[in-house]
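Here's a solo chain for you in structure tokens, the form predicted alone.
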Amino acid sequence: MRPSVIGLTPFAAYVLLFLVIPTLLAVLSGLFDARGNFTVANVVALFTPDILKIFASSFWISAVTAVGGAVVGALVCYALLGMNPQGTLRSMVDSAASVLAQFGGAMLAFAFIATIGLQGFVTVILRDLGINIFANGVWLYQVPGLVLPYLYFQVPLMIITFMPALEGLKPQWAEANATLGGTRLTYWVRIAGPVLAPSFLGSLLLLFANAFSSYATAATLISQGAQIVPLRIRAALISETVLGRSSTAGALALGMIVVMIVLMWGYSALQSRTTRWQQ
């Protein structure tokens, strides 16, 4: 056996045990009933109005936070272009983005509850000043309340994924544009814009997938009801009587997997276009 193959064995075992097998079990569980008989009833249940509404809610929160995170993150990346790549400020921003992109779950939910919740310290300070922006802290525990917590890790993730594309812009392109009489607007509209579009759209899909699959933050904030797909899967696992069907969690997981496959396929296609001009 070749040494390179032997070196990949631990990673292959990790992927098999923690990704492939759980995915297959989740998908297959949606195709069998409680007695082990094959059925498509659980898959058909995905197209009921209640489940479609939950998917629409997940799409909504994912799209809003993906677009918001992509726009804000891209603007931050543009501002970072003028900084010394080896400078202190640039290093601090890169380090903070790497850390905050992974900061989520119960810790992030608690941070927002303690900050802008019903009795959060910012809420109390503003209330004492007569400003009642966050006075109704109940909104934080509903689907719209997930926007701010999700943006907290979406923006850093955009900085990490989009910054290499901006840094890949060649100075010769700007010089050629200026030599031919082009303006700065012409450069960004006709040169940099089309070049960066695949990378931006790829990062946007990645942010959408990141929000669509997020669970822990939403599960901590929204303790009542199952208004997005990951929370409905939790509810289906706790109670097998959801919608009067067994193995609903597996069918929901199958729906999520299909969505994620489409998103990752689009992301890979866009990334392959990006690498053409980066080489």
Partner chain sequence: MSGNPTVGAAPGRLARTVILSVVGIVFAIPIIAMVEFSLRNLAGGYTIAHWAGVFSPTATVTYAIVFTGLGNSLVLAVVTVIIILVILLPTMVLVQLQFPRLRRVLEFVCIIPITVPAIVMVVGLAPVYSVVARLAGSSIWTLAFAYGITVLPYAYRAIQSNLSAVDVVTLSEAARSLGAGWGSVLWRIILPNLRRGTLAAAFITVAVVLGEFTIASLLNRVNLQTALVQVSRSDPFVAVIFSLLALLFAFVLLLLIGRLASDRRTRDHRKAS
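Positions refer to the first chain, counted from 1. Think of the rigid core as the biggest set of C-alphas that the two forms share within 1.5 Å after superposition. Predicted model only: the values in this text are computed from it and were never measured.
Below, we refer to the form predicted in complex with the partner chain, which is not included among the displayed structures.
*Asks:* Can you say which of 197 to 205, 95 to 103, 139 to 147, 126 to 134 gets within 4.5 Å of the partner chain in the predicted bound form, counting heavy atoms only?
*Replies:* That would be 95 to 103.
*Asks:* Is Ile191 near the partner chain? Define near as a heavy atom within 4.5 Å, in the predicted bound form.
*Replies:* Because no heavy atom of Ile191 falls inside 4.5 Å of the partner chain in the predicted bound form, the answer is no.
*Asks:* Is there a heavy atom of Ala269 no more than 4.5 Å from a heavy atom of the partner chain in the predicted bound form?
*Replies:* The answer is no: Ala269 has no heavy atom within 4.5 Å of the partner chain.
*Asks:* Is Tyr215 a contact residue for the partner chain in the predicted bound form, using a 4.5 Å heavy atom cut-off?
*Replies:* Answer yes; at least one heavy atom of Tyr215 falls within 4.5 Å of the partner chain in the predicted bound form.
*Asks:* How about Ile51 - does it come within 4.5 Å of the partner chain in the predicted bound form, if we only consider non-hydrogen atoms?
*Replies:* Ile51: no, not in contact with the partner chain in the predicted bound form.
*Asks:* Would Gly7, Phe110 and Met260 all count as contacting the partner chain in the predicted bound form, using a 4.5 Å heavy atom cut-off?
*Replies:* All of them do, each having a heavy atom within 4.5 Å of the partner.
*Asks:* Using a 4.5 Å cut-off on heavy atoms, which residues of 61 to 86 contact the partner chain in the predicted bound form?
*Replies:* The stretch touches the partner through Val72, Leu75, Val76, Tyr78, Ala79, Leu80, Leu81, Gly82, Met83, Pro85, Gln86.
*Asks:* Does the distance between the two CA positions of Arg127 reach 2 Å or more between this form and the one not shown, the core being superposed?
*Replies:* Yes, Arg127 moves 2 Å or more.
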